[in-house]
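Presented below, as structure tokens, is a lone chain in the form predicted on its own.
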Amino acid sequence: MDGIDDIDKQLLRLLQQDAKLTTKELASQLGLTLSPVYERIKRLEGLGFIKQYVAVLDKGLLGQPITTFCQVSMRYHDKAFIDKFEEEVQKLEEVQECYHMAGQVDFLLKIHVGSLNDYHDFVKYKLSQIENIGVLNSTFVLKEIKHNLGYYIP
């Protein structure tokens, strides 16, 4: 967190809560004028602290109420197979998140679909077509307890 001060941190907290706040609203909450707030936002964007601005959508209203975590274990672990998996998983629109893991599994995928049948089809016709997958282990979310999109900023 080098290069940012307490005001920058508060600005980041505010933007994480509501990225639609205007520069005027942010300035008012921070006790600053418009120009310094605008410059701070541009600097934080340039430093990479702010990566993008997005709308958070309701998965249920989009017809994708099923959330699945799929653990993927590869048969072989050489660079070419890992790179190929990472490349292919990028093409799967159902996959919201993908992590290369250390431990008992190689990758953890977070997947959203409309139904269990949709998940079955996704695994059968898309995911399992990626070369070198050894084992898939799926778990299904029964209830979402906490879903915080923001990061803790000390």
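Residue numbers here begin at 1 and follow the sequence given. These numbers come from a predicted model, not from an experiment.
Keep in mind the form predicted in complex with the DNA is missing from the figure; the text below concerns it.
Of the listed positions (D58, E93, E39, E86), a single one reaches within 4.5 angstroms of the DNA by any non-hydrogen atom in the predicted bound form, namely E39. With the partner omitted from this view, the residue of C98, L32, I50, M101 that lies near the DNA in the predicted bound form is L32 [heavy atom within 4.5 Å].
Considering the DNA in the predicted bound form, the lone stretch of 117 to 125, 66 to 74, 24 to 32, 104 to 112 in range is 24 to 32 [heavy atom distance within 4.5 Å]. A residue is said to contact a partner when one of its heavy atoms sits within 4.5 Å of a partner heavy atom; I7 meets this definition for the DNA in the predicted bound form.
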